[in-house]
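Okay, here we've got a single chain as structure tokens, the form predicted on its own, with questions on binding and movement later.
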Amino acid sequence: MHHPRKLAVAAFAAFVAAAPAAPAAAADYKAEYTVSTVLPAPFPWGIAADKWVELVKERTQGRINLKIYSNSQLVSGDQTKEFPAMRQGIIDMAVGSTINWSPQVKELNLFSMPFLMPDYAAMDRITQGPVGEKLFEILRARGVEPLGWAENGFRQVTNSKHEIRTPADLSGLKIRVVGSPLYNDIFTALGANPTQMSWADAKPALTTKAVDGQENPISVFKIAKIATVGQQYMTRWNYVNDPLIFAVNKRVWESFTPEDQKILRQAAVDAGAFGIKASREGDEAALAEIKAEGVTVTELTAAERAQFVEKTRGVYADWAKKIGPDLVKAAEQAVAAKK
């Protein structure tokens, strides 16, 4: 017969032996980690970020808590400052836009190369293949650990003046663009007058007609109610896409145990897939709704789209040199390699 006290002591000893690993590892963990992002839910961007928080909390039994700060509030509303802030450890993590990080990581301009990716399949062949891996290596060398991809979506151009079917229709239009020189170059080449401003300033500028138009994914147009500020014309031209990246400051990343790193990474991959689905399905659903709101949606013929492609070839060639010819070539090959 076993002695109950001996059993209890043995059980306690086994518990003590097993216990130190978790508290010791978690001793230097923060109670909460800051996650910077631009758009909150119900935007697909925010949906992906929220899902990451939820999965990490669930899979670590509440040991690791992430807190989202949307609207770039951790960088005073300047979304292009997010990457350096994460790199310096001012913020712990981010679900960031490749466009917003491109001022510091020139290779991320790849996704803003005009008319590189015609569709979602091409997009996936870039992010989920060797090119995506190469971009992650580049980010790693810059002091952040990239974990997975999400998506803000293909960007369409809208304006308050008239339908855009040819490059001539863009002539002289003031278009709000994100803070990336490549966007300036694209719209300048198309004869428009691009104006860089943060998203926080964009809506007031559209409202007062200080700018005539803007470019954004369809789901963003719908959720942000851009139709209500006079944007009555949309051209669906899929000229660039805006993939998002889940990333963690290097020192913060190295403070996690290998087991927790694995959890954080897999949660990002899963949240990313969830967000990508929300983005792609959201675009289709939003399209029907904005048409019902009276927005004129112009679908270009292949010949019409080719005119825009032609007008931006010089910009494409110029930026291929800046981004890195080998990387651009690898992306072009991924796009061409239809399954």
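A residue's number is simply how far along the shown sequence it sits, counting from 1. Keep in mind that this is a model prediction, so the values were computed, not measured.
Although it is not shown, the form predicted together with a small molecule is what the next lines describe.
A residue is said to contact a partner when one of its heavy atoms sits within 4.5 Å of a partner heavy atom; residue 115 fails this definition for the small molecule in the model of the complex, lying far away. Under a 4.5 angstroms non-hydrogen atom cutoff, the small molecule in the model of the complex lacks residue 253 among its neighbouring residues. Taking the partner from elsewhere, residue 120 is found to have every heavy atom lying beyond 4.5 Å of the small molecule in the model of the complex. Residue contact with the small molecule in the model of the complex: residue 242 places a heavy atom within 4.5 Å of it.
For the marked spot (97, 199 and 216), a heavy atom within 4.5 Å of the small molecule in the model of the complex is present in each of the three residues.
For the candidate set 38, 56, 278, 35, a heavy atom within 4.5 Å of the small molecule in the model of the complex is found for exactly one residue, namely 38. Taking a 4.5 Å heavy atom cutoff to the small molecule in the model of the complex, the contact residue among 231, 79, 235, 249 is 79.
From the list 143 to 151, 99 to 107, 120 to 128, 258 to 266, the contact stretch for the small molecule in the model of the complex under a 4.5 Å heavy atom rule is 99 to 107.
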